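Next up: just one chain, as structure tokens, the form predicted on its own.
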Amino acid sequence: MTLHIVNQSPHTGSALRDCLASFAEGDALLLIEDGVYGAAGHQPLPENNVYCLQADADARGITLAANVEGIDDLRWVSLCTEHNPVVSWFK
């Protein structure tokens, strides 16, 4: 099970789109930094295992879609230990 981390806005790059093209059942998606713009419900996301760094969402005034779980740094570390590999998407 892969943890996909996206830190780029879906409005300025293809990282989220490219990530979702390789997303498999059981994988998890974590949106951080400007990637949290993808958590606002305007982008099609997997129905489960979608996380967003809550502090980054709050800093940008993003309200999370219903299927996105806001997490803190501690949960981020936990996700990294629960998944292998961890892939960062920043293109």
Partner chain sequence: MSQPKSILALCRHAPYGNALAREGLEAVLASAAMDQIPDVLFINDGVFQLLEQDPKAIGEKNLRRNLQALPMFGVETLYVCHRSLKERGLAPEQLNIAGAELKLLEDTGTFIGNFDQVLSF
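No experiment lies behind these values; they were computed from the predicted model shown. Residue numbers count along the first chain shown, from 1.
One more form of this protein should be noted, the form predicted in complex with the partner chain, which is absent from this view; the next part is about it.
Chemist: Is the gap between T81 and the partner chain in the predicted complex 4.5 Å or less for some heavy atom pair?
Modeler: No.
Chemist: Spell out, yes or no, whether the shortest heavy atom distance between V77 and the partner chain in the predicted complex is within 4.5 Å.
Modeler: Result no; V77 lies far from the partner chain in the predicted complex.
Chemist: Would E69 sit within 4.5 Å of the partner chain in the predicted complex, counting heavy atoms only?
Modeler: Although the partner chain is absent here, E69 would stay clear of it in the predicted complex, with no heavy atoms inside 4.5 Å.
Chemist: Does the partner chain come within 4.5 Å of any heavy atom of T12 in the predicted complex?
Modeler: So T12 does not count as contacting the partner chain.
Chemist: Just to make sure I understand: among 67-89, which residues lie within 4.5 Å of the partner chain in the predicted complex, judging by heavy atoms?
Modeler: Residues within 4.5 Å: N84, P85, V86, V87, S88, W89.
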